[in-house]
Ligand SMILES: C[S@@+](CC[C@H](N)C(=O)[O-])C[C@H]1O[C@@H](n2cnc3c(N)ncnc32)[C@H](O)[C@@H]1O
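In structure tokens, one chain follows: the form predicted alone.
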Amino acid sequence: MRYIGNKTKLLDFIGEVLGRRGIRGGSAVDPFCGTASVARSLKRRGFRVLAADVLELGHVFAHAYVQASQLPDVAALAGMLGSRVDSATAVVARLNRLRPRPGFIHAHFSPAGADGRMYFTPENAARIDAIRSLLGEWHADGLLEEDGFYLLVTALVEAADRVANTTGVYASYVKSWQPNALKPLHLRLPRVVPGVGSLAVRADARALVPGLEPFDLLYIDPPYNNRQYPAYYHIPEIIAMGFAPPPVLRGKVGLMLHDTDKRSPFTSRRKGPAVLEELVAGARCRHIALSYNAEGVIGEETIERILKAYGRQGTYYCYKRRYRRYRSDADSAARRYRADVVEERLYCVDR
């Protein structure tokens, strides 16, 4: 999924740094997991991972890509869908053939709705509605176990993102149909990473981390600028949550009215340093690795001061890697990017 701050391009860099510092396994906590790319990579490297996010979207991805250890048993669905439905792959194929059923997404995020929002074509919106509603019904009726439910919701969110009529974020939609938006919605089954002992939760990092038993690695990847994720990804969040009860919307693009519990103080220049220090101070871990962009609202000197205050100063180091920026839009009079290449910094310290 297209996601601001996604670390897919930096996984090798993060892995190299951890290896250089001798951090090769044990228990790891990723409390800002997002689309779970780093948490999934840590699981592949042999860590037992606790992946968390304040958004339901992050929790859904973490359950599918981190907590799930094998493809789900879908035997309970065979009686309803037919004897040929004997695997998760077969269930996905059946969902891809499901007829459209207009519902919440069709009414609020397609031009068929009263507000005329062009996020999805009416056909794709109605198919998103049909699939998400059916998944919710299967889960509520006990026909779909937890792992299977989250794997299929993840497949739906990713499929919807591929046909979303946006430039990568949902703060606005494009006023004409892009080629990807005109393609039919098509689900693909996520690839499960083997390995037991990893968990996914929806939680605020500052509430979660201090209550944990001692663990090995705290990987911190907080928001680094003033963009609030509930506003930039409100539609994937709504699909992840489901529509029962339907969320109350506001504004031109249909933001969720009640999303204060999903907003982060790390986006604030004023609050960011204090909440980072609070998080680091409360973590009972052996190692800390903080991913942060060079353009972030918390300065490098402040991060160094905080990590040295709660770690062994001789172990502190900031590793840097330049990479091509993720751009959700083009330069304009209202916004100009500083450069096409940015610097990612991985601040590390041992406790």
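These numbers come from a predicted model, not from an experiment. In case it trips you up, residue 1 is the first one in the sequence shown, and so on.
We do not show the form predicted in complex with the named molecule, though everything after this point is about it.
Heavy atoms within 4.5 Å of the named molecule in the model of the complex are found in exactly one of 107-115, 222-230, 142-150, 72-80, that being 222-230. The closest heavy atom approach of residue 203 to the named molecule in the model of the complex falls within 4.5 Å.
For residue 37, a non-hydrogen atom is located within 4.5 Å of the named molecule in the model of the complex, even though that partner is not displayed. Contact between residue 96 and the named molecule in the model of the complex is not found at the 4.5 Å heavy atom cutoff. Proximity of residue 348 to the named molecule in the model of the complex falls outside the 4.5 Å heavy atom cutoff. In terms of contact with the named molecule in the model of the complex, the residue from 133, 87, 264, 172 that brings a heavy atom within 4.5 Å is 264.
Of the candidates 66, 54, 306, 290, 54 is the one whose heavy atoms come within 4.5 Å of the named molecule in the model of the complex; the others do not. Contact residues in stretch 2-16 (any heavy atom within 4.5 Å of the named molecule, taken in the model of the complex) are 3, 4, 5, 6, 7.
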